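Presented as structure tokens, the chain that follows is alone, the form predicted alone.
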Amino acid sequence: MKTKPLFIVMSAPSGCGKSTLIDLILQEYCDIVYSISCTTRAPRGEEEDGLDYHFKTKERFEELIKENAFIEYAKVHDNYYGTLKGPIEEVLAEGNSMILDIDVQGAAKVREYVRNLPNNDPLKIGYVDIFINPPSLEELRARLEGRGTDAPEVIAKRMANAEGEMARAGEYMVQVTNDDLTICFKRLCDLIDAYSGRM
């Protein structure tokens, strides 16, 4: 069965389970590829080039900016982060789908980029963006505190960020609430099946 290759953009406040959901999607669908971002920061711990990030020098990253190689990029704390256009085009050309894990600002840049593409561009044809909501801000706070990894001021900052991100959830084509991981994952699979024509 021929399915439409999707370009899936997914965002969520910290603590909403987005990474877990993406991992589950990648296990479920052998034709969905995870988009690996580029960065100029140094690898941390066990991170590997080409697996966690594509690690670039600042000079090379700035060359790529001049070449319009990025769909979106940003400078965060003196380091660049960005998503290359080439790998996404290659994956879609092979008939597979690409999933991108990105924050609200990055997603807005991707959306703007896609909006300006010609209507027959595969990235535009297959584009779908999804925002994962927590059941409530109280529940999100409980999850972040339950992790036991963040100081109170870090949690306060994440909560403030979450409110700002959730205020922009309406910019996304689809919103899904992660009140129960299994149910939320099922909803996401149903969405992917519907958009790609697997139904």
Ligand code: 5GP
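The first residue of the shown sequence is 1; numbering continues from there. Since this is a predicted model, take the numbers as computed values, not measurements.
Same protein, other form: the form predicted together with guanosine-5'-monophosphate (5GP), not shown, and the subject of what follows.
Enquirer: Check Lys66 for me: does it contact guanosine-5'-monophosphate (5GP) in the predicted bound form (non-hydrogen atoms, 4.5 angstroms)?
Expert: No - in the predicted bound form, heavy atoms of Lys66 and guanosine-5'-monophosphate (5GP) never come within 4.5 Å of each other.
Enquirer: May I ask you to check whether Tyr53 falls inside a 4.5 Å heavy atom distance of guanosine-5'-monophosphate (5GP) in the predicted bound form?
Expert: Heavy-atom contact with guanosine-5'-monophosphate (5GP) at 4.5 Å: present for Tyr53.
Enquirer: Wondering, does Ala93 line up within 4.5 Å of guanosine-5'-monophosphate (5GP) in the predicted bound form on heavy atoms?
Expert: Answer no; every heavy atom of Ala93 is more than 4.5 Å from guanosine-5'-monophosphate (5GP) in the predicted bound form.
Enquirer: Wondering, does Thr40 line up within 4.5 Å of guanosine-5'-monophosphate (5GP) in the predicted bound form on heavy atoms?
Expert: Result no; Thr40 lies far from guanosine-5'-monophosphate (5GP) in the predicted bound form.
Enquirer: Give me the residue from Ile102, Ile99, Ala108, Val114 that has a heavy atom within 4.5 Å of guanosine-5'-monophosphate (5GP) in the predicted bound form.
Expert: Contact with guanosine-5'-monophosphate (5GP) in the predicted bound form is made by Ile102 alone.
Enquirer: Among 141-149, 126-134, 169-177, 40-48, which stretch has residues whose heavy atoms lie within 4.5 Å of guanosine-5'-monophosphate (5GP) in the predicted bound form?
Expert: Stretch with heavy atoms near the partner: 40-48.
Enquirer: Taking guanosine-5'-monophosphate (5GP) as it sits in the predicted bound form, which residues of 78-98 have a non-hydrogen atom within 4.5 Å of it? Please list them.
Expert: Those in contact are Tyr81, Gly82, Thr83.
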